[in-house]
Ligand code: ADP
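Next up: just one chain, as structure tokens, the form predicted alone.
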Amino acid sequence: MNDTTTTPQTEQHTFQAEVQQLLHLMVHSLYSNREIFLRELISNAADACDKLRFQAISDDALLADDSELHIRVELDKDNNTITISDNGIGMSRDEVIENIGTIARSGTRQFLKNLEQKDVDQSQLIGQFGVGFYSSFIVAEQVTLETRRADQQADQATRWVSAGAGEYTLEAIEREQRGTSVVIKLKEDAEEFAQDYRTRSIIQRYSGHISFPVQMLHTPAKQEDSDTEPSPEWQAINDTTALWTKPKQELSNEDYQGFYQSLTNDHKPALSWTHNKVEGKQSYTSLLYVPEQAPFDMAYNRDERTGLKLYVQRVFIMDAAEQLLPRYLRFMRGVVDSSDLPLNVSREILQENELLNKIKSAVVKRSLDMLKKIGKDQEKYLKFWEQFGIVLKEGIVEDFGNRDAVADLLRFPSSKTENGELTSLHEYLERMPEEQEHIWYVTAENPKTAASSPHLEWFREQGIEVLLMGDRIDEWVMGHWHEYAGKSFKSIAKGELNKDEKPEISEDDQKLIDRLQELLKDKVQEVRATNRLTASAACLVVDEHAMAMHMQMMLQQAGQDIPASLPHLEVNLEHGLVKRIAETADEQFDDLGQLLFEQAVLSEGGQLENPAEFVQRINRLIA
């Protein structure tokens, strides 16, 4: 909130700058997706009803004499308005300002950045960021919101009005009914949304599985023996029965997909799902989905985990992903409904609840089993892996108990795969010669750098397969993962290779190595002859258990303090450049020696400390 102007009746406020930017983009960028405003407002109303139902468990006075929670959509073609109302928890005046006048979410700037892009589906972004209320301005000439919290008096209600042009007004009003009403004065070109058939079809498509009745006015047919015109009555147009409570044999794929889309606001269908009911000492139902597409920030935002909803006896308790799933499965969506947890359960109780720990263990197992089943379809699994593979890898470090199951799900490009094909570790072992002791791999900052690493040269010549790990997370993972199926992992870029087959070094070769060692003593631990290069002049090698060079550089750039660890420079004594350096006079030796080191850094995908000096050195050598 910025400027405030007060009159005896109303207060006028200016939207936060980011809200103004958001409103502008909503109006001008989402014209082709206008109907999503109904999906978002009904979803908000359902959340308000869920919150009230949960709070009423400990304070039934909140429901008063109105315990049938519902959402109503009313159309007025004469005045060109549509009203979405609920009798949920409602908002106080301060909550209205906080929730509508400002955007407190940390991801708003990234949301706005993505919304401006032409090649993304903006309607999908809205669902991810919870800024759906503002979508009403796609179709609205003016929006009026009236609300009262369930625990406040009738004279403590608030009216909020805005035309979406940068300002809004607040007014204290009386409102007998708790909850919220949003009245949208439609633009002239949005009159279609005041048509009954159009609005019903949108609601049934997007909100058909909302767990509260979404009602619209319906006029019954006139009775033949009556002179009285029947009065309109409210009629639910959605199926309010919790889908997960129905027997699986009664549900179609369309039912499951429809519920997924109403649950997640995802415009794309789910990739797969599993529906299970457990009865016995502990009774619960789980309906788990794997999405087809990941949110834009899933790989790096490990704290935003609201994909799995916890119900107790069909009463929504909370978005409890952290209690039900580990972080590496944060892409999962769905519901878990327990019959045995207490209705007044709190987050503190959840963290210590033994029953929930057992449910969590079962949910993790079912999730991994579902991914294993998807893995039998290579094309389908490739879609999954491209979206969520980098997140799933975290399970190697975070879930020791399920490490083998997670490992079986991992896929990598390798030195023997082509055209983007991936291999599993099981497939790697099947191709591996019996006498091979290690699973060889190389990590790099990105896939292209991994595939072009000079460390691969000897292995390609020998026909030895190497896994190419090009995600930034890979070096962290491999630091905690040492063997699979009895075979140890070994990096081709760490430690000495074939210690028993070191290259022969002549007296002149040793003089060159000594000169390079003196020149580069501040940059490398040691200069030594290599037996791992066949085409490149030099490469950098770190100690057996040291952090890879690209990871060291990345952490340093991020301001992290890491122990100093200089690499070894291995030189190919048969390479033309190295032979030229050996024959070079003192005045050019320094430039060529530094260049040898710098090209090794660049081959690792690293950055030079002084690029300008590198350019000057190249120019001197050319001249």
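For every residue, the number given is its place in the sequence shown, counted from 1. Quantities reported herein were computed from a predicted structural model and do not represent experimental measurements.
Keep in mind that the form predicted in complex with the named molecule is not shown, yet the notes after this line are about it.
Using a 4.5 angstroms threshold between heavy atoms, T530 stays clear of the named molecule in the model of the complex. Although the partner is absent here, T180 lies within 4.5 Å of the named molecule in the model of the complex, judged by heavy atoms. Mapping the unseen interface onto this chain, I100 counts among the residues with a heavy atom inside 4.5 Å of the named molecule in the model of the complex. Heavy atoms of F133 reach within 4.5 Å of the named molecule in the model of the complex, making it an interface residue. Exactly one listed residue, out of I36, L62, A48, I581, brings a non-hydrogen atom to within 4.5 Å of the named molecule in the model of the complex: A48. Put simply, of V335, L456, V143, M91 only one has a heavy atom within 4.5 Å of the named molecule in the model of the complex, and it is M91. Note that among 583-591, 37-45, 569-577, 53-61, the stretch whose heavy atoms approach the named molecule to within 4.5 Å in the model of the complex is 37-45.
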